[in-house]
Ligand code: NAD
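Next up: a single chain in structure tokens, the form predicted alone.
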């Protein structure tokens, strides 16, 4: 068998650099494409064994059928989340692997960076002092010490975020469908978390169950002036409800590294264009909203781990016939593959 051929979609300069380093021995034939994987572009994978995809590639049932028809044998996600893959439809047709963890510190630290930037007005101070404006009017923030932070999702990223918050002297409460036993974390219901938290940070995967978990109803339950942080998936928040919550002064600030309709905007330069998304434009225009372009993961350590794990996943799958990081319909349904990844999921 010759070198495995990988069609690499949505490739950016930093992706290519890290994967070329991880593939320095040339064991894989990687073909880099700047375009996202969609129904219109999947033909670029013709003749390849694997497609390597990221968060904004659209792996729906039509794409899966086309990939299967072209004898593509593996979808290799270079990220942890897989809500952009129809894993139920893929079951029995094409295998899916992912990178379950690359640098949870990167994402947790970015969430804290967004929070501090927002509440201490650092982004505004930077702009002011560039114009030699050293006035402190409108720059008053608040202490994190003693505040209550509600953390939704206590996986690796959530727990690291909790540790950082405790270092600031914050009181932490959390919600998770599957609480971490013996962690010492104070778990509460979602309603109690909405009601008690001064700051709320989302660190959970996106599912059909929790889509728009932050909505008009949940925002109404929150404290006046609550700060919302989202470094997970954009659709956890109903963007229109968030806009209204900010306009009504219910939400004091929003720190967003993700956005529900980001797939056609994020990772691209639209500085010389008019972005055709009124909701995003309104959010960015608000002085108490900070938006970064899904960059929480973007550290050199994370990129290296992503490249190494992705290629190891591919290697394991084709050499051993299974991969410990496989995702399947059963995994998604019960949160634990009953086969414990000792063999292929189908």
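Positions refer to the first chain, counted from 1. Since the model is a prediction, treat every value here as computed from it, not as a measurement.
The protein also exists as the form predicted in complex with nicotinamide-adenine-dinucleotide (NAD); that form is not presented, and the subsequent description refers to it.
Heavy atoms within 4.5 Å of nicotinamide-adenine-dinucleotide (NAD) in the model of the complex are found in exactly one of 246-254, 147-155, 86-94, 132-140, that being 147-155.
The candidate spot formed by 102, 209 and 232 lies fully in contact with nicotinamide-adenine-dinucleotide (NAD) in the model of the complex, as each residue has a heavy atom within 4.5 Å of it.
The single contact residue among 241, 170, 204, 72, judged by any heavy atom lying within 4.5 Å of nicotinamide-adenine-dinucleotide (NAD) in the model of the complex, is 204. With the partner omitted here, the residue from 109, 176, 198, 260 that has a non-hydrogen atom within 4.5 angstroms of nicotinamide-adenine-dinucleotide (NAD) in the model of the complex is 176.
Though the partner is left out of this view, residue 36 does not reach within 4.5 Å of nicotinamide-adenine-dinucleotide (NAD) in the model of the complex, counting heavy atoms only. Although the partner is absent from this view, residue 297 contacts nicotinamide-adenine-dinucleotide (NAD) in the model of the complex, with a non-hydrogen atom inside 4.5 angstroms.
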